[in-house]
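Let us start with two forms of the same protein chain, each given on its own as structure tokens and named structure 1 and structure 2.
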Structure 1
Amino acid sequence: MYNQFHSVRLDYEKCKGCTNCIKRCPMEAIRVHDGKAQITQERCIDCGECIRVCQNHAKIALTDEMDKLSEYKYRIALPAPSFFGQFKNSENIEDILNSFFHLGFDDVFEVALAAEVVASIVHKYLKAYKRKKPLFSSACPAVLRLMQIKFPELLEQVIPILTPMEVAARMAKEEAQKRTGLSQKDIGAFFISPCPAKVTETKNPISTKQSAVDGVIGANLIYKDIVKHLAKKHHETSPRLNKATSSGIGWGYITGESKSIGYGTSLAVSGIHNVISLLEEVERGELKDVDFMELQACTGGCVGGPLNIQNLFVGRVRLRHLIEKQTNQTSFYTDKELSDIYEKGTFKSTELIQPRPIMTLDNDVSKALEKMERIDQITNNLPGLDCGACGSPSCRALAEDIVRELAFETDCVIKLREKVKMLAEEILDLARIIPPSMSDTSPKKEK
């Protein structure tokens, strides 16, 4: 039985069964029955598309609360690069980082700095790689989960390097351990996330056995508190916190990762439906001349994450402004240090990314084929409008649900109307029939 954590949840009370979500879900993971949506966990990749389109705010992302900080003696905040794009241009990164100290954190480590380390590793990996192309970024967990289900044959082309979030947690904890003398279990690393997919990634990691991230706090939960304390500037007495350059901060929006890696030909695509179209092309054997593909589930990249506060275009402009301000910032790590990290292979994935089958109709192959044939027959018999009124996203999906005994053909309003019309005509025909006992068949007397 499938039983894994998913960040995306349904607020049952707020759901009005409007069917907006079923049309946008790229995995056809949502159905609406009895006036309420239901998320099929087995199919969900936590991309957050349903959160964006739900006007009733019935889809939510489950993240950790600030209370979780009390479980650790030393707490480190790991803000995502896109987080800096949530603030006004008048703010600077040093002030934003310092604000975390007012909220109970003991240290801050930029995920953008870890992104620079990952970029260096990927650059060297691409340079040495001589096999099948293109290679795919491993940075977006929603895209990886999409590939597990829909494009399993392309998984071998995912670069086996941990995400910047994971690398940041490991580097931050190692530094903190040396500085404080505390054990790893006493040090908590908390990612400030723009999306639900990264919450799920820390609970059910794909490319490592256990995540070094101990908690994930949504950017929307912490934003107001950061703004509140931005005025309390005390970094004059604090060590310099902002170590990332424009290269790492650029990972906050689409194309930033490719530019940071800076190798060969690259293609950057954002938006889960665009990513699916592109992967279908690659699956057909196209785009073999591209070295690297940066794929992000959220439109615009992480800055378009559903847990962010600002409109993605505003966030992108603000990030670009910050990047321009960072142009004179020199790299924190030397080329020698980055080469040593690559040679040691410290941040390589430890687990192979495995396919995740979800459409097993039957364990018996012959029965599965029969069911597949029946799905085709039912689909051909349905009107093909894909209207969603039945609660399934398409006629094909309704046919699958019928074969899986989760729905009926009469859930389709067109088929229901046909059946009602047929029954009405039969009833009318019956009404015209006069029983023999009531009919007058005797000869009429002449007047």
Structure 2
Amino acid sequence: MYNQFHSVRLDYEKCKGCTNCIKRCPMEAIRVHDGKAQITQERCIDCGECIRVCQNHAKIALTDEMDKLSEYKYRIALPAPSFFGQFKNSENIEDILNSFFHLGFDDVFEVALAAEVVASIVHKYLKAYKRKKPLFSSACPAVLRLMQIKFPELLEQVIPILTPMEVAARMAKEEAQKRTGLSQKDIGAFFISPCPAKVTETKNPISTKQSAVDGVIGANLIYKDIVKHLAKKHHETSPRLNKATSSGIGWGYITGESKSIGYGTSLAVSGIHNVISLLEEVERGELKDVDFMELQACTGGCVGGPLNIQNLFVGRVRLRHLIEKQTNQTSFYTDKELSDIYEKGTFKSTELIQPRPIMTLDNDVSKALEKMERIDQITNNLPGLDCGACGSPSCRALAEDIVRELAFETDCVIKLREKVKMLAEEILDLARIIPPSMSDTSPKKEK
């Protein structure tokens, strides 16, 4: 039985059963039954498309609350690169990083810095790599989950390096341990996330056994407090916090990752539907001449994450603006240090990403064929409007649901009307028949 944590949830009270979400879901994972949306757990990849499209705000991302901080003696905030693009009046990254100390954190470590480390490792990996191309970025967990289900053949081409989030947590904890002398379990690393997929990734990681991230706080949850703090405008003198350069911060939007890695030919694609069509192309054997593919489920990359506050284009411009003003020109880690990290292989993923074939109709090919034939027949019989009124995303999906015994043909409103009409005609026919004991006033006609 499939029982895994998913961050994307339904707020039962708020859901009006409007069927907007079922059409947008790239995995056809949502059905509306009994007037409420239901997410099929096996199919959900936590991309957050439904969160974006739901007008009733009934789709939510389950993140950790701020009181989880109290479980640890020493708390480190790990803000995602895209987070810096969320603030209107922030003049520099330093101020934003400083704010975390006022929200109950003891330390702050930029994920952008870890991104630079990952970029260096990936660059070296690409250089040494000789097999099937293109290679895929492992940074977006929603894309990896999509590949597990729809593109299992391509999983071996995913670069086996941990995500910047994961690397940041490990580096920050190690550093804090050295500095404070506390044990690992007393140090809590909290990722400030733009997306639900990252929450899922920490609870049941796919490329490592255990995530070093202890909690994920949604960017939307912490936003207000930071804005309040920034408004105070008191600049205390603290040790320089900002260690990342533009190369790492650029991971916040699409193409930033490719630029940061800077190896060979690369292709950057954002938006889950675009990613799907590109992967289909790769699967057909196209684009073998591309070395590296940066794939992001959210349009625009992480700045377009469903938990971010700002419009993605605004977020992107602000992030760029910050990057241009960024005074850090030299990277924090030297080439020697980066090479050592690569040689040691510390941040390699330890688990192979496993395929998850869940589309199958039946384990027996013959039975599956019969079912598919029935699906075809039912689909041809349905009106083909794909209206969604039945609660399934399309007529074909309804046909599949019927064959999987999850729905009925009469769930289709058009089909139901047809049936009602037939029934009405039948009733009328019956009403016209006069019992032999009664006589008709009109003269008797021939049969």
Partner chain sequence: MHERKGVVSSPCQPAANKPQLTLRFKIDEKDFLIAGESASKTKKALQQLGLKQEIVKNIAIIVYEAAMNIVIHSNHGEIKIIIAPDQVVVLSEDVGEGIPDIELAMKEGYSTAPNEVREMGFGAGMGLPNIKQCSNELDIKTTIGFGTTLRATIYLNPADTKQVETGTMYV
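Residue numbering: sequential along structure 1, first residue numbered 1. It should be emphasised that the depicted structure is a prediction, and the values quoted were computed from it without experimental measurement. What we label the rigid core is the largest C-alpha set whose atoms superpose within 1.5 Å from one form to the other.
It is structure 2 that shows the chain in the form predicted together with the partner chain. Core-superposed comparison between structures 1 and 2: the C-alpha position of Asn89 differs by no less than 2 Å.
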